[in-house]
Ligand code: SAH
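The chain below stands alone and is given as structure tokens, in the form predicted on its own.
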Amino acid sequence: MTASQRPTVYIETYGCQMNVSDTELMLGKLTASGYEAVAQPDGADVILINTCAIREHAEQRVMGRIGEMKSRMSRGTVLGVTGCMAQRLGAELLDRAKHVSLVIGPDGYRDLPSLIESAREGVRAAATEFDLEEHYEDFTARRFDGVKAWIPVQRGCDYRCTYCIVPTTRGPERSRKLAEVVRETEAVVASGISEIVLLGQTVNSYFDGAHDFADLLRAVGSVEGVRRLRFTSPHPNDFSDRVIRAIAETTTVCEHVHLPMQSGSTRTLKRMLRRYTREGYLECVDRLRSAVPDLSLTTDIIVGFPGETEADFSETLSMVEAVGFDDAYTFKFSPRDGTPATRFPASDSVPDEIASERLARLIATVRARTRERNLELLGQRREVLVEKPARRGGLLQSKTRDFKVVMIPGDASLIGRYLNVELTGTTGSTFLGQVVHQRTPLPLAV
């Protein structure tokens, strides 16, 4: 059978890096089973939409996209919905969209080829059982980023933040064996990729029964050929002294931590069940910066959480100023069915116009701090890894070790290479850079 005769599969991904990694696992499984990956849904034999359920808006987008796919499908096309939204809604999706044949949660990808074959014969199915042993160790991911590799080290979450749907959609926390993570890292490096990103819902709570996250950082960071090691997303409570020492002492670990804060108000944090106070978060920041003085910090912040007062929000703004984040991902609270936050009294709800106004003020505060910090960095020289073409301007997007985005001139031959650049300008959130020295490139991933 020639490549052109192979059945084709198109996967569209929404949501976090874990979903990106899951898409790579599904593509690996299906291409190993004889499928050919294609870049567009039109005419594909199989269309999979890998979904996110973290916010209501994300689900609305996906439902709209599922409807659009009906006109893109050929006769006999199998349309499946995978990921967190599939896990949350289950068979309800089959009722809501009659042209959907498969609904598969994050622990059901092993049976994907057989479920697709059954769907071809008219069998519609929802596979949403949790499998607490499933880590897809025998899968070979079909990576579509040739510059960095997402490597899941942990699935699920044991925290029960009152706003979060993740424990419902991904189940309880379980960690891969350290040796398996090292094995995958070695395979990734052999393919020519030198930046590794370790993934977990609360990645620094990793424990495989014998090794903690400090052990994992040291083991992966010492694999020959690894040049940059990152991780996301950690929880402030799980930065033990051992973990912080490993970050400081493992030279491949980058000088950047994404440290979700969610709120600067202890009162709101308690209602969120974040399990730390404002003071505890600041203590974690101090410990990290004492160990890594040039550390870059980014964060997540929610506004409009039920019961949030103007005083609570003011504490969030003052926390942003006190910490001096390099950037922040900011959101309005989005109620998710099944989470404890939906059971707060209706009188606690923050009107949308107030939440929107607070979000605007928060974004302005974050951007002002980011711009101020970035202006101070102009003229410095940094090593960057060239990642991809920029969306516009004919430039390339690259990134420093401390997670600064730098746009540089050049052609696609530079993608995957390390360069030294001078930071010559800033838009406030990103930099413009000029190449001053080119190191010997690492080979590009095949």
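The numbering used is simple: start at 1 and walk along the sequence shown. Fair warning: this is a prediction, and the values are worked out from it, not measured in the lab.
Although not depicted, the form predicted together with the named molecule is the subject of the following passage.
Quiz prompt | Non-hydrogen atom within 4.5 Å of the named molecule in the model of the complex for each of R55, S233 and D300 | solution = Every residue of the spot touches the named molecule in the model of the complex.
Practice problem: Quick one: from N237, T266, S349, S334, grab the residue that has a heavy atom within 4.5 Å of the named molecule in the model of the complex. | Solution: Only one listed residue qualifies here, and that residue is S334.
Quiz item: Pick from Q262, N374, S175, S194: which has a non-hydrogen atom within 4.5 Å of the named molecule in the model of the complex?
Solution: Exactly one residue meets the criterion: Q262.
Quiz item: Thinking of the named molecule in the model of the complex, which stretch from 161 to 169, 318 to 326, 288 to 296, 122 to 130 has heavy atoms inside 4.5 Å of it?
Solution: Flagged stretch: 161 to 169.
Exercise. Give a yes/no on whether R278 approaches the named molecule to within 4.5 Å in the model of the complex, heavy atoms considered.
Key: It does not: once the named molecule is placed as it appears in the model of the complex, R278 has no heavy atom within 4.5 Å of it.
Self-check item: in the model of the complex, R274 touching the named molecule (heavy atom, 4.5 Å)
Solution: Contact check for R274: yes, within 4.5 Å of the named molecule in the model of the complex.
Quiz item: Would T185 count as a contact of the named molecule in the model of the complex, using a 4.5 angstroms cut-off between non-hydrogen atoms?
Solution: Because no heavy atom of T185 falls inside 4.5 Å of the named molecule in the model of the complex, the answer is no.
Quiz item: Would S101 count as a contact of the named molecule in the model of the complex, using a 4.5 angstroms cut-off between non-hydrogen atoms?
Solution: S101: no contact with the named molecule in the model of the complex.
Exercise. Heavy atoms within 4.5 Å of the named molecule in the model of the complex is the criterion; list the residues of 93 to 112 that meet it.
Key: None of them.
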